[in-house]
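As a starting point, one isolated chain is supplied in C-alpha cells, in the form predicted alone.
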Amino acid sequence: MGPAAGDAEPEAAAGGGPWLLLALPPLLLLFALVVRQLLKQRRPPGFPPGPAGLPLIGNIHSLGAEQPHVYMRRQSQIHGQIFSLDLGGISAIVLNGYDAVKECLVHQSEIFADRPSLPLFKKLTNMGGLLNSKYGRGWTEHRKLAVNTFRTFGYGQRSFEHKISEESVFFLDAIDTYKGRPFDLKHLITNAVSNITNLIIFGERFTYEDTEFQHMIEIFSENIELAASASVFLYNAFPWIGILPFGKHQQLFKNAAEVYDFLHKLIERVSENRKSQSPRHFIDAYLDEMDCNKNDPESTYSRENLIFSVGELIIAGTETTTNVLRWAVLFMALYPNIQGHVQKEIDLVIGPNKMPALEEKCKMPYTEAVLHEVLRFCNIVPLGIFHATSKDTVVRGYSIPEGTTVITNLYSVHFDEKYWNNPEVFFPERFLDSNGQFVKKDAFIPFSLGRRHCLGEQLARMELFLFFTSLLQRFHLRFPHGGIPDLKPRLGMTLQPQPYLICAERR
C-alpha cells in the first residue's frame, strides 16, 4: 500500500503540469485586463476631484443606488460645481449649477459640442443619425436639415397651429368618452403629442387605435428608461458583457432592432410616389439630400442614418413633451387653487368656446408661469444628453482632455439656490413680477444650452401651451377619491410620473 500511494504522487504532480500550462494564458490575460482597467481608472493630471470609487466599476454602483441627478448634486456640494466621476474606466466630468453649465456649453460651445464614443451609442446608431452623432460634418448636415424641415413643415407654417388645434380636439373628445370616470391619461397624451411630430416627419397622423404605432412608442419609452440603468452603464464600461444572453442592455438592443424594422417599412411606405425636390415631409426632404449628395463620397446622408434620425426625432418630440403634460395634469389636480387660477385666466382671455391661439399667450402670464414652473420643478431630462470635449481644454483651472464625457446636471441648475428662492417648492409666482407680468429667468434651461440645445424647443412650447389650455378650458381635473399618487418619478433618461389615474370632468 505504501509504495503504491507513494508512486501516485509523482503522477499527480506530472498531471498538474499540462493543466497549469492550459490555465496560465487565460489567467495572465485576466490579470492584464484587470491591470489595464485599473490604469484607466486613474484620474488624468489636473482633472477635477470627485468621489472615491470601487475598483473596476468606479462610481457606477452609486448611480444605481439613488436618483443619479440627486446624487450628482449632492456630490457637487462636497467637490464643487465641476467634479469627476469614474464610470468604470470612462473618465467623466459633471457640470452642476447654472454658472458651470453656461461657462462650458456657451463660452466654450464648440469644444463641448461633441458626443462621447460610448459602446451603447456605437451599437445602436454607429454614432450616426442626429442626436448622438459626433460633432462634425454629419451632425451639421443633419441638424440643418432637421431645423429647416421643422420650420418648413411645422412651426414656420402658418397653418400648423391649426393642425395642433385639430389634434387637441381629437385628444379632448377621446377624454370625453370616459365621462369623468378615472383613467390613465398617458396613452392619449402620448398619441396626441406624437402625432404633431408625425405630421412633420411622415406627413400624416396615426389614429389612437393604431396599436402597431402605439407599441413602437411604448418600446421607445422603455428604452429611455433602460438607457439610464446601471446595467447599461456597466455595458459602456465593459462592452464584452454584450455576449451574455441576459441583462437590460439585451432588452434594449432587442427593442432597438424591432423599432428599426418598423421604421424601415414605414419610411418605405410614406416615400412612395415621391416627386424629387418637391418634399411633402422630412422623409422626402432627406431623400432629396441623399440624391443631391450621391456622388459625394464624404456625404453622411444614408438610408441607415435616415432611420436613426427619424427614431431620434420621434423620441425627442414625444417622450419629453408627453411627460411635461403628464406632470402638468398631476400638479393641477394636486393644487386645485392653481388650476382654478389658470382656468380663470383662460375664461377671461379666451372664453369658454373659442379654441386657444398662440397669439393669446402673451396675455396669459399666469398660465405661462405655471408651464415654466412645471418644466423647472419636474426636470424632464435631468442630465440632458451626454456631451464630450472635441479637444483638450481648461475650465476653472482644471485640465479636461479631448474625448472626456461631460454630464450636464440640468436638475442642479433648476434647483440652484443662487438663482431660485426655495427651489424645492412648486411656486409658479416665481416667474411673475410685482405687476403679475411674466418674467424670463436666465437659469431656466430645460432645453439645454449651446450648439446641442434642443432643436424642437419652439415646437414643444407651441404644443404645451395649446394642449394645456384646451384641456383646462374644457375639463376640471381631480384625483379619484382615495388618494394622491406617488410623486417620486420613474428613473430613466427622462423623469416621468408614476402611473396615476385622473378624473376629467366637464366644466
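The numbering used is simple: start at 1 and walk along the sequence shown. For clarity, every value in this text was computed on a predicted model and none was experimentally measured.
The same protein has a further form, the form predicted in complex with a small molecule, not shown here; the description that follows concerns it.
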Non-hydrogen atom within 4.5 Å of the small molecule in the model of the complex for each of Leu130, Thr321 and His387: yes
Heavy atom within 4.5 Å of the small molecule in the model of the complex - the one residue of Thr125, Thr197, Asn409, Thr190 that qualifies: Thr197
Candidate from Phe308, Phe233, Tyr98, Phe150 lying within 4.5 Å of the small molecule in the model of the complex - any heavy atom: Phe150
Contact segment among 468 to 476, 444 to 452, 46 to 54, 66 to 74, judged by heavy atoms lying within 4.5 Å of the small molecule in the model of the complex: 444 to 452
Leu172 within 4.5 Å of the small molecule in the model of the complex, heavy atoms: no
The small molecule contact in the model of the complex: Ala369, any heavy atom under 4.5 Å: no
Any non-hydrogen atom of Ala256 within 4.5 angstroms of the small molecule in the model of the complex: no
Heavy atom of Ile60 within 4.5 Å of the small molecule in the model of the complex: no
